[in-house]
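In the form predicted on its own, a lone chain appears below as structure tokens.
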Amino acid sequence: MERAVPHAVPLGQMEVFQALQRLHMTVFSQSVSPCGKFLAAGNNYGQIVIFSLSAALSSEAKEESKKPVVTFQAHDGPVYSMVSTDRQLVSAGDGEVKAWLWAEILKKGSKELWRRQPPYRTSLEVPEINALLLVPKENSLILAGGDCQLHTMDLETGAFTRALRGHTDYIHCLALRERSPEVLSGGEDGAVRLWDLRTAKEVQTIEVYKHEECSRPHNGRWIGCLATDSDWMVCGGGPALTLWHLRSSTPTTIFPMRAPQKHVTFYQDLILSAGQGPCVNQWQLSGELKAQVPSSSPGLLSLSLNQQPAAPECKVLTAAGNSCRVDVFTNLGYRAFSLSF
């Protein structure tokens, strides 16, 4: 369903309203379906749309193939984050997290399966939930955002089992260090904190902005993106995008990118990043910029790598942000086409 508009609006006005919506649209979040053939995208109007990657990538694809196959109103405010389990699509907005069955969504059904609200300090508190993270071995979901805490939810029972406290300002991003098992969190306070999931204790703190080589006071101290690969972490935001050795808490590579980065991920022997500016950046681990691939958005907030083994023909990178388009890269060298709301 589309976002509510006044009843009995003339067709011409409706078209103008929808055109204005698209003009001012921001796509905050993406998630690939368990089968790998569909992509969910969530925007600032609380809508989730589903695109068929398999139809858009088909040799017989038409312009209509790049439009949503399902659209529904998920939240009253922006859809800040999404993840997919083997059956469910889970989304987060202001103060609550919701879930839908993928099988029902693809049948054009949008009845929510469940909704949960973490235990906030007051009933009046409605902080945004900026980040969701699945912990498959525990069958749990970690969510974090405006209340400066990490909340762990048991996906089987729906119960919130613990809250991890340490950040002094709101949290932007989460990453899972699977072998440990540890969770990394980055926030507005300028710190990356590592949490041991077995003890629910903070085991390491890296205050990135205090390292002179990373610090950029004119951009602020906030950490807006992070990713981990075993003993390595990459993070950025106000401070420079930096590769860290976690065991020694040492910055090893400072990437020469002036614009603050909002999303980063390890991919094979590269690091991919995006943020302010209309490009997906490909970095060598040594710090060399291998490529800057133009996107159709003036700024990017989210990258998604579809690596589902069930659909190798849909193995793509998608990028979204300050526009109504989701760019599709069939290889890392160029944008093949855009999906459009």
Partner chain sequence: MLAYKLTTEDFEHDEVIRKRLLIDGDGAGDDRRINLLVKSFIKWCSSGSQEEGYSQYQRMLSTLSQCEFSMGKTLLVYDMNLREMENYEKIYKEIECSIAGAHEKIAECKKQILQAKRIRKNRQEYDALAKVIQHHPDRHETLKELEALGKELEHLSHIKESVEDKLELRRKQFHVLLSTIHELQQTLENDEKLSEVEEAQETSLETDPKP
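Computed from a predicted structure; not experimentally measured. Residue numbers count along the first chain shown, from 1.
Keep in mind that the form predicted together with the partner chain is not shown, yet the notes after this line are about it.
Looking in the predicted bound form, is the partner chain within 4.5 Å of a heavy atom from each of Ala175, Pro181 and Glu202?
The answer is no; none of Ala175, Pro181 and Glu202 reaches the partner chain.
Although the partner isn't part of this model, could you tell me whether Gly190 comes within 4.5 Å of the partner chain in the predicted bound form, counting any heavy atom of the residue?
Gly190: no contact with the partner chain in the predicted bound form.
Looking in the predicted bound form, any heavy atom of Thr252 within 4.5 Å of the partner chain?
Taking the distances in the predicted bound form, the answer for Thr252 is yes, it comes within 4.5 Å of the partner chain.
Answer with yes or no whether Tyr120 is in contact with the partner chain in the predicted bound form, where contact means some heavy atom within 4.5 Å.
No, Tyr120 stays farther than 4.5 Å from the partner chain in the predicted bound form.
Might Asp229 be said to contact the partner chain in the predicted bound form, defining contact as any heavy atom within 4.5 Å?
It does: once the partner chain is placed as it appears in the predicted bound form, Asp229 has a heavy atom within 4.5 Å of it.
Just to confirm, with a 4.5 Å cut-off on non-hydrogen atoms, which of Asp86, Glu212, Glu156, Asp269 contacts the partner chain in the predicted bound form?
It is Asp269.
Heavy atom within 4.5 Å of the partner chain in the predicted bound form: which of Leu285, Val69, Cys35, Ala291 fits that? Just give me the one.
If I apply the 4.5 Å criterion carefully, the residue I get is Leu285.
Please determine, with the chain shown alone, which of 132 to 140, 74 to 82, 97 to 105, 229 to 237 has non-hydrogen atoms within 4.5 Å of the partner chain in the predicted bound form.
In the other structure, the partner sits against 229 to 237.
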